[in-house]
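To begin, one chain is listed below as structure tokens, in the form predicted on its own.
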Amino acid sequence: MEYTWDFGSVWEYREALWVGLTNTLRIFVICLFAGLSLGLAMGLARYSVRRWLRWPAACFIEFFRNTPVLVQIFWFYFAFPILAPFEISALMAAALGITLNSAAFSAEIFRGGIQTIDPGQWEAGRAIGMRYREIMARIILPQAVRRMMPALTNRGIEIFKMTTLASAIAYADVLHQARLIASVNFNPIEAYTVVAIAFFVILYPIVRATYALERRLAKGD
């Protein structure tokens, strides 16, 4: 049986796809900045010598690293409103699940990056009378972030791809819109192919830039 491709039926719903892509970018930006910011905080706490900071951070990291993101999203969307006196939107539930999972993985990236810095840097900071926070902010983190950039960029790429999980709770992202188009026109091949191409067009230049950044940092070291 020969299949007849019909992308015209998808093009008719281009406005719906554009709305979906806009919503995808919205949740991506939220999860990227919130995930990396919380990840930095958890990474610093995980690296801390204070147990009351290190242990809760370790529990947070291990829990959200070892549970599926989709389960976390379902929990926030279906279970959390039962415990809380208010409902939660699909955007908020998906953002919470993706953000907390990304924060857990990002925390380990930050912690690992900090540990790569020579201990002599700490000693040098203390020798000139700098406090722990000053050493971390002015000496350690600037060097560590430079080394972590490829890993953090890859983390951002993973976050962008994880946004598709939001469609499981009917958040109107580009995948959800494509699913609706496919159900109306019975054209899942074309609808999902367009989504795949859109993701590739957005992410491939970022991946190439990541490779270039890795080569540049390798030469700098």
Partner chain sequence: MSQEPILTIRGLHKSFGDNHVLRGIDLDVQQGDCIAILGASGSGKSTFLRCLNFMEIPSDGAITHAGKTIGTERPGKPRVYSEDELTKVRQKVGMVFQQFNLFPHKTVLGNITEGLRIVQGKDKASSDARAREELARVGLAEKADEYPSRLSGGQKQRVAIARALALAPELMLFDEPTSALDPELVGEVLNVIRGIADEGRTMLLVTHEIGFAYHVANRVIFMADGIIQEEGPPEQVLKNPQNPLTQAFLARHKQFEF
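Here the structure is a predicted model, which means the values were calculated and not measured. Residue numbers count along the first chain shown, from 1.
Form predicted together with the partner chain: not shown, discussed below.
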item	value
Non-hydrogen atom contact residue 92 with the partner chain in the predicted complex at 4.5 angstroms	no
Residue contact check: residue 87 to the partner chain in the predicted complex, 4.5 Å heavy atom	no
Exercise: residue 143 in contact with the partner chain in the predicted complex, heavy atom 4.5 Å	yes
4.5 Å heavy atom contact, residue 132 to the partner chain in the predicted complex	yes
Partner-facing stretch of 143-151, 71-79, 108-116, 95-103, counted where any non-hydrogen atom is within 4.5 angstroms of the partner chain in the predicted complex	143-151
In the predicted complex: members of 109-136 within 4.5 Å of the partner chain, any heavy atom	118, 120, 121, 123, 124, 125, 126, 127, 128, 129, 130, 131, 132, 134
